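Next up: the same protein chain in two forms, each one alone, written as structure tokens (structure 1, then structure 2).
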Structure 1
């Protein structure tokens, strides 16, 4: 186990370095100059600005300078947001985005597993058909449709929840449901097919032959193995949800970090673009690593190769 962890940590560092390097090269050769605007700026001022933001000199000099700052945890100053660093921008937005993502992840995981399990144990009944129809509807409806519909019903008609903003825990409910909706459907369909396959295996038939009740057989023996494909899906899903959704944050006027990536592209803000990419990649790598470790706990038949 220790050898596996050390090897994975080394590969994680290597992957992160490759992502940072590739992103830097793409940003460097991308067209657009953040210091060129409609009005003319004196050449001397432009030179001073480039020196301040460390965007002058040969490419490789800039690359090694950036890597040195990155190792110290410095994501540098944003080229668009005056006198604000990328660390400050992401530090302000990421807690909000992470809270929304965690809430959506919880809803998607619990709701999807429950719905998929219910459909599997009631296969070929109206419960199964209704659950899969609901899952299909959630997959088909985009978030920019689900969000306004929830606002219309629960905020404008019933006055139960706020329309948007980020003021209290009630402000979290509608955006979290909107963000989780399609993923509830994905997990439900995945869980249903996995559980049906597990319930046809020999160890389930053995448990039934021993006289165990159907509910005990399903929930104690089948569910723990059937959830493995869902766990595999949760790694990248969690990274996606935790790093934010621009559409949902825009619909509900949430001050998260989701909009920074798009703004960085439009404004040629190279350091903000790289900072958001590094954060997303880091979260994805770590969560995939934790997903692999969770396999041995869920299914003792699985052993991690040294």
Structure 2
């Protein structure tokens, strides 16, 4: 177990370094000087600005100085948001994105497991058929269709919930549902096929044979094993939720890290873009690691149990 953890830690550092370097290279080769404006700016001022924003010298020097700052935890200044550092911007944005992501994660797992289980124990009935059809329909509908539709119905017609922004807990509901939508469907499909397979195995037949009630068989014995694929999907799910929040934050006008990322691309705000990419990647890599760890742990416990 310890070697497994150490090896994974080493590869995490490697991946992170690769991502940082790749992003740096892409940003470096990208054409367009951030300090070229329509108006002519005196050469001295451009020089001063370049020094202030640390964009001068050959590539290697820039790379090393960026890596040095990064190790100190300094993500540098934003080029667009005047006088604000990337650290401050992400410090404001990340908690918002994380709240949204966690709420969506909760909805997706709870809703998906519930729906999938329901479909599996009612296999070959209309409940199963409609749940699975609905799931596939949800997967095929992009979030930017679901989002505006929800706004239209619940905010503009019913006036139950706010249109957007980030003011009270009410403004969390619609974005979280929108973000979770496709993944409820995905997990439901995963859960259904996994539970069906588990329920056809020998130990379930034994449980039934010794006279356990059907609900006890399914919920106490079946679910525990069947939920494993869902656990291993949690890592990729977190990744998808984070990138999905780019769109959801844009639709609902939420001041999270995702909307900063989109703006940084549109504004060629290089340090904000690199900072967001690096922070996102670190979060994802750590989450993937935790998923793997919990999966190995769960899997082993179950094997010991049997």
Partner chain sequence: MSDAVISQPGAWSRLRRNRTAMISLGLLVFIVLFAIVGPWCFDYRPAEPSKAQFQPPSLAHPFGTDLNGRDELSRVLQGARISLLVGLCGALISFVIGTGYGMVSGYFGGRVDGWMMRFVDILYSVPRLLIIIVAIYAFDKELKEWLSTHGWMGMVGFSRIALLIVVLGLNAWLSLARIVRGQVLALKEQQFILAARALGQSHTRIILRHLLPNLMGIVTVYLTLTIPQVILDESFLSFLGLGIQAPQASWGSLLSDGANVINPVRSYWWLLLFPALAMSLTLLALNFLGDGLRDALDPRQKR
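Predicted model only: the values in this text are computed from it and were never measured. Positions refer to the first chain, counted from 1. Rigid core here is just the name for the largest C-alpha set that superposes within 1.5 Å across the two forms.
Between the two isolated copies of the chain, the first is the form predicted alone. Once the rigid core is used as the reference frame, the Cα position of residue 164 differs between structures 1 and 2 by 2 Å or more. In a rigid-core overlay of the protein, residue 201 has its C-alpha displaced by at least 2 Å between structures 1 and 2.
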